[in-house]
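Next comes just one chain, in structure tokens: the form predicted alone.
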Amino acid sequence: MKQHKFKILLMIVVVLLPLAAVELATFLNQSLSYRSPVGVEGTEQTPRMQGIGDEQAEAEQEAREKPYEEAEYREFPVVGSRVAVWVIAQLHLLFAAFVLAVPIFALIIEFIGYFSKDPALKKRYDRLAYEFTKLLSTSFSLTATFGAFLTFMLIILYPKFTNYLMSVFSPTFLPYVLLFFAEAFFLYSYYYGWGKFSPRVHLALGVGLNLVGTAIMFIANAWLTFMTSPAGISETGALISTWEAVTNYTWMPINIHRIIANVAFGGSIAGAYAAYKFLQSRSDEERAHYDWMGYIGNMVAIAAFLPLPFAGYWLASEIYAFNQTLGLTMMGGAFSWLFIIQAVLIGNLFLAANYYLWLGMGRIEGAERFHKYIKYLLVAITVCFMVWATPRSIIATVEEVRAMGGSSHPVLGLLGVMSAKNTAVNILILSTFMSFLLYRRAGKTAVVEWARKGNLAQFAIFAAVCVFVIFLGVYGYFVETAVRIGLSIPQVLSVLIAMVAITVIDVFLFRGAKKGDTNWGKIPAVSQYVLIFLAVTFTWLMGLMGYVRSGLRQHWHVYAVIRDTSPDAYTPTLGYATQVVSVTVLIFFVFIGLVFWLTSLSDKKSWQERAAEEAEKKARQAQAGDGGWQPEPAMLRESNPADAS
């Protein structure tokens, strides 16, 4: 009992002790704090109080008389202004690329289904186009959100520079906003009107959506290309012609390059979505559908990816034409090593795309006869990849430089020049095209009389172009630099002509051909991870190339017009840039995962249906009485031969 009373007393002391400490501290604070002396009424303030009052009055007067000065820069906490704008701008561009690309191939797929005479195939293509379009609703909202975020950040963090761009391009802002409203109208009408409008009206909405989206991209591209290759202004930066500012040196090349790159990027993201759904599928029917969807997305990505390097060459040549210093900085200066990373990424894209095609041939009956050619294509792709990724000069120690006789390797250094790299990339494109051709032929047997001659003609065209491309590459070592650069044009044209000619022959060659069955869904799961890898690599590559395009200006906001005088007026190191881009890519795929999840909710049953199914299941278990097992209705249906047929 005494012990119990002691515990109660101890608890009371523990509770009261903090209260007593607080009271004591309050008493001491009031007793020891300064208090003005108490005097009779009318006693004047002490000198200390009067000094404090004078200081406050002076500060208020200075604040009222302070003139307005426009801030040139403002600092963003922690990461800095440049990185903050960099990340938001990249996220906005990635979502914008996706939103612009998906309607293009969704409309193409819908057109194919519309003109198809097979009702089953028409329904299949229509479902595929609709499923691609489902990804747009949330993505469009995120694009607009990041665009508004970017605008506010530019106004807050770079007010003077933003005001200058507004003064140059103010006539384009109203059309841009009106087009944005039009895009929203066409997008939501196209999506929510699926099956509600007649096919022709719906196709017209799709055409309007693509035209408006392309026009929006063209206007926005004028703003960013002006910063690299300004035009339509005086030497001091005063506006002379808005139209010339829009149609600057790099405007049309970046338009073409972005259209192609957006389609390739959008196809890869759509393929990744199909892979995500394939890996979640529980039935053969779902796996077959999403396997086909992933195949279509990958084919779109590859078809756009093959001509993409040629559009890049055109853009690079226009940069050289505008200012040779920019061109030298891009290919032989601070950014030259970034192009080695680009070569590695593009080489991985080619390898992964070909690997997916080779895996896909396993689902086609009769494709075994082409397996023997895969090893030769793999060797050609690997060798071209190695040549393309070989730098001209390498980072080496003093001893290594002395042993080599310079910063370039005496043998491998020859592979670092443009002659070798142009040759490698063209052979790489031709090899990938041949993989696609083998996949297209898998399971087909030509029945036309001239089948043998057609095959020989295709092989002759392919062999002749390979020899021609390699000859021009070797010849480039023996001519001047200007001639060597010009040789890339006939190389590109010959490859394009060869791909078109071989494709045309192939279409007529296999018209009415005997076809083997394609077992959709019967493909290894690793193929779906290849699709996801392609999407991630495409995104990372776009981020790095965006850094090159913007970084070429170095310490200029608008090249040679508005100088960057902020604390960030320096070129980031390659390691730092790749870290920023990698974090941005990670953030993008977090949001894309959110888009995939929200889109997949429409395929799930409502909570009422799930609750009803759960109640039905419990009722069946209760009817069993002894806890025995009873087959579910779905199992009974599958076991019925009539239902299965």
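The first residue of the shown sequence is 1; numbering continues from there. Fair warning: this is a prediction, and the values are worked out from it, not measured in the lab.
Only in words, not in the display: the form predicted in complex with ligand HEM, which the text now covers.
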Students should find that, of 484, 257, 289, 363, the residue having a non-hydrogen atom no more than 4.5 angstroms from ligand HEM in the model of the complex is 257
From the list 446, 316, 150, 469, which entry has a heavy atom within 4.5 Å of ligand HEM in the model of the complex? 316
Please determine whether residue 190 contacts ligand HEM in the model of the complex, using a 4.5 Å cut-off between heavy atoms. no
Ligand HEM contact at residue 226 in the model of the complex, heavy atom, 4.5 Å: no
is_contact(residue 134, ligand HEM) in the model of the complex, heavy atom dist at most 4.5 Å: no
So in the model of the complex, does residue 538 come within 4.5 Å of ligand HEM, heavy atom to heavy atom? yes
Within 4.5 Å of ligand HEM in the model of the complex, heavy atom basis, the matching stretch of 281 to 289, 340 to 348, 229 to 237, 520 to 528 is 340 to 348
Need the contact residues for 291 to 315: heavy atom within 4.5 Å of ligand HEM in the model of the complex, sequence order, or none if there are none. 305, 308, 309, 312, 313, 315
